[in-house]
Every structure is written in C-alpha cells, then in structure tokens.
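Next up is one chain by itself, shown in structure tokens, the form predicted alone.
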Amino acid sequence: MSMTQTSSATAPGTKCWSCGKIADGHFCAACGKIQPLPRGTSYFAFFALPEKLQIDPEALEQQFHKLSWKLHPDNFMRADEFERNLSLERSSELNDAYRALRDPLTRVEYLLAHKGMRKEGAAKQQAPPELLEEVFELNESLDELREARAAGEDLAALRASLESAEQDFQEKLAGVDAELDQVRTEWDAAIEANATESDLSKVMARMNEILNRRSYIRNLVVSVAKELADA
C-alpha cells in the first residue's frame, strides 16, 4: 500500500457542506463556499503538494500568499458564523503549515511526526556510538575549563583545545546535514516510484535516526560555544 497523500486539501469525493456537490479543494467549485478540512489532512495537502521533501521555496511562498488572501477572515465578515469560524481555523492552519514546510529541516520533522515516525526521548540523549570517545574527551575538557575559570587560572590553552573541538563537531554536523539531504532525495524517489509502506517506513526510520544524531551533535556545539563565550 502506498503512503502518498492526496494532492488537494479535501479528499476526493468529499461533498460540499452547503450545496452537496463534490468539492475538491479549499472552496467548492459549484457554490464557492469554504470547505472544512478532513481529519488528518497533512500540511502538504493543504498546499496541494505531494509528500515530497524537495519543495520550491518561491512557489511555496507564492501559494502561501495566495491562500492567505483567499482565506483571510476579512473576506468572511458578512458570512454566517460557521464560515467565519472555518476561515479563522484555516488561516491559523495555513500559518502553521507554512512554518513547517518552508524550512527543509522542519519539513522532515513534520513529515515524520505526521506519519507517527518521529521518535526522540532517550535515544536523542545518547551519544552516537562512533562519537563516544570524542564526547567523553569533550566533557572532560569542559569540566577542566569550568574548574580553571573558577580558580582564576589562565584559560588560553583550554580555550584553544575547545575551539578545535567545536570546529570538529561543526564539520560533523555538516556531514550529518549532507547525509540528511541524501535521504531526502531517496524519499522523493520512493514517492515517485509509489514505494510500499514498508519501504517508505525504512527510509523514515533512517531520517529519524539522522535527526536524533544531528540534534545531539548540535547540542554539543551549542554547549561548547556557550562555555567559550563565558570563559
């Protein structure tokens, strides 16, 4: 079974709440009334996009502004309460969807969360096995810096060591981002090929693992930068 999402905001065959005609989009083509979103509609579908991770940012922004104008509550001042509430809900959902999809990283996080595949927790806090030794040494260096700072000792050598470690982890972070880019490409290819749910789940599991590794390394970089700023 494919996990590809319908490319419209309303599911095919959904009836308009007002005229009863088939509605396929944000508005009924027959009577023009704004339509409610079916439960579980993805942000991708909100913008009439397939669930791919490579998105043209300019096209997304243009669609956002277009929908912002169409769904704005000011356009429904004379409508009944049901339509006014729909407009408020849809405008809020539009902003949430745009924030989630405009950034490549949050786009991946949203996709995994929407599919129930985003798993953080304890796994996020554990050092990747290949970094255990470096993380241990880094934590020792951080402790030494704090102790030396508290004792009023010279910090030059410790700062230099930590700056080198920070650069090393920045490079590792760039490597993880490149790995994530590759898996995003694999995801889009799988969507194009109508891959099975099992195959798509495997790709998402890899993306989740990469995100957790990225989060851990980024937290290290932030911690080192903070200690250096305080030194």
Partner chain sequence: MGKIVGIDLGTTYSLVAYMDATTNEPKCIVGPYGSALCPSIVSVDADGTIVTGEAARRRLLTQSERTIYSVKRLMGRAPEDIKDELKIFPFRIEPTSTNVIRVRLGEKVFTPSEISAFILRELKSWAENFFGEPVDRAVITVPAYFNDAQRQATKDAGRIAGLEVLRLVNEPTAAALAYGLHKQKRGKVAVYDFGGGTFDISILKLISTDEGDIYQVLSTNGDTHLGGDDIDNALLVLARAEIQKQFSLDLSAHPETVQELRKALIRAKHDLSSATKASIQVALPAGLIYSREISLREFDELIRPIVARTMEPVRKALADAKLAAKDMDEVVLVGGSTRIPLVRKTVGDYFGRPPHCELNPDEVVALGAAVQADILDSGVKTMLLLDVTPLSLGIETMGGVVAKIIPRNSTIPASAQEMFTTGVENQTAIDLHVLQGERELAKDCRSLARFQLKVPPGPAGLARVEVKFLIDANGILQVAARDLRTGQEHSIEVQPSYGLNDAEVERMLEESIEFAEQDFSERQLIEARNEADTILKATERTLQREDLSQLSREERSNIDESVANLRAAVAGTDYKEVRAQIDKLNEATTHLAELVMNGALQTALQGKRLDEV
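This structure is a prediction, so every number in the text was calculated from the model and none was measured. Positions refer to the first chain, counted from 1.
Another form exists, predicted in complex with its partner chain; not displayed. Remarks below refer to it.
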query: Full three-residue contact with its partner chain in the predicted bound form, heavy atom 4.5 Å, for Lys172, Arg184 and Val222; finding: no
query: Stretch in contact in the predicted bound form with its partner chain, which is absent here, among 198 to 206, 24 to 32, 57 to 65, 172 to 180 (heavy atoms within 4.5 Å); finding: 57 to 65
query: Residue contact check: Leu155 to its partner chain in the predicted bound form, 4.5 Å heavy atom; finding: no
query: Proximity of His72 to its partner chain in the predicted bound form, heavy atoms at 4.5 Å; finding: yes
query: Its partner chain contact at Met77 in the predicted bound form, heavy atom, 4.5 Å; finding: yes
query: Interface membership of Arg99, its partner chain in the predicted bound form, 4.5 Å heavy atom rule; finding: yes
